[in-house]
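Single chain ahead, written as structure tokens, the form predicted on its own.
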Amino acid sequence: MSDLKTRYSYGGDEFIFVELSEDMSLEVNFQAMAITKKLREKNMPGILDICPSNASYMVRFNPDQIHPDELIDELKKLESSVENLDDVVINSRLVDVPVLFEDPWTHEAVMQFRDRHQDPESTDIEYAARINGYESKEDFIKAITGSPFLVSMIGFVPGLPFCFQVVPREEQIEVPKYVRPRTFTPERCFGFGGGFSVIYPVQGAGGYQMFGIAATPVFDKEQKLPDFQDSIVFPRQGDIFRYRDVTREEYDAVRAEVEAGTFEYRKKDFTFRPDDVLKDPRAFSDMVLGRLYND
């Protein structure tokens, strides 16, 4: 964990922002999850909203019901209570997410914005493979699909999952954002920026490298699909996604199910402790994939 002392900052009259670390890591993300979970469970008067992030979180409160310094004192106690993560249990889901890499729609967007990219002569996935030391884009795709990703937060638009791969730190894939943001990104684009993968819920601007497109939605405003009956947003912080490389035929078949309103994610409820991940990320990844795909 980072040596940075946690920063507690006032955000106007109604917000407290807490930065646990300047660096994202699985450990610090688990700590943020644990603190915000315990805060919800306390059901304190005056707490209006709790927003966990990758290495931080924010709390909105009613200053007429609770003083910000009183809230900060409580947050510090919660932080101390989860320092070793020993009693933290995360209720999760294992989820299969089919992705068509180098699809024609994302490729068209990739080529449209080469003037905003670090390497206009390469596609996004060729550039990312090269700077991460892979000999081919095929090897790079295998590295992405070979280990699952933890959904570390939801944002910055509804339903967008920020995901951090469950691999040893030295194996983390990292890529920079575009030099200048794009004005267009396809809906369901599978992107990568920094150490995070994302799926863009809707068409819009963006700056992450674009590698492909998910066959399945993460946002369903009309709640037509079975997985969205309880929420317009599918991903949850703590979920574990496995991005699976699919052919165009498989992609089209999944899209047909989505359009018919019958598609359901392949998923399994799953409970784990942070130590299960931190002690041996590779063994945890292998166990997760075995459990997801074995009935």
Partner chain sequence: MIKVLKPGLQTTVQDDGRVGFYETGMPPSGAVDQYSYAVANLLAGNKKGAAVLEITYMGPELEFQQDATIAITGGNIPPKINGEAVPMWETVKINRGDVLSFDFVKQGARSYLAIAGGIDVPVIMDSRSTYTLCGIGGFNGRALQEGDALSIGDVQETDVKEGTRLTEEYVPEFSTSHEIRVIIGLCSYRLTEESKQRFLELEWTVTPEANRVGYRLKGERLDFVPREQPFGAGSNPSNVVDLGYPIGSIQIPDGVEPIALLNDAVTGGGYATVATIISTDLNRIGQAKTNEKVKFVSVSLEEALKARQETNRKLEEIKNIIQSS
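Positions refer to the first chain, counted from 1. Note that this is a predicted model, so its numbers are computed, not measured.
Missing here is the form predicted in complex with its partner chain; even so, the following discussion is about that form.
- In the model of the complex, its partner chain lies within 4.5 Å of some heavy atom of L48.
- By the criterion of a heavy atom within 4.5 Å, V89 is excluded from the residues contacting its partner chain in the model of the complex.
- Among heavy atoms of Y200, none comes within 4.5 Å of its partner chain in the model of the complex.
- The closest heavy atom approach of Y208 to its partner chain in the model of the complex falls within 4.5 Å.
- Of the stretches 150-158, 101-109, 135-143, 77-85, only 150-158 has residues with a heavy atom within 4.5 Å of its partner chain in the model of the complex.
- Against its partner chain in the model of the complex, the set F15, R169 and V233 is in full contact: each member has a heavy atom within 4.5 Å.
- Comment: its partner chain is not present in this chain, but in the model of the complex one of E249, E264, E41, D69 has a heavy atom within 4.5 Å of it, namely D69.
- Residues are counted as partner-facing when one of their heavy atoms sits within 4.5 Å of its partner chain in the model of the complex; in 14-29 these are E14, F15, F17, E19, E22, D23, M24, in sequence order.
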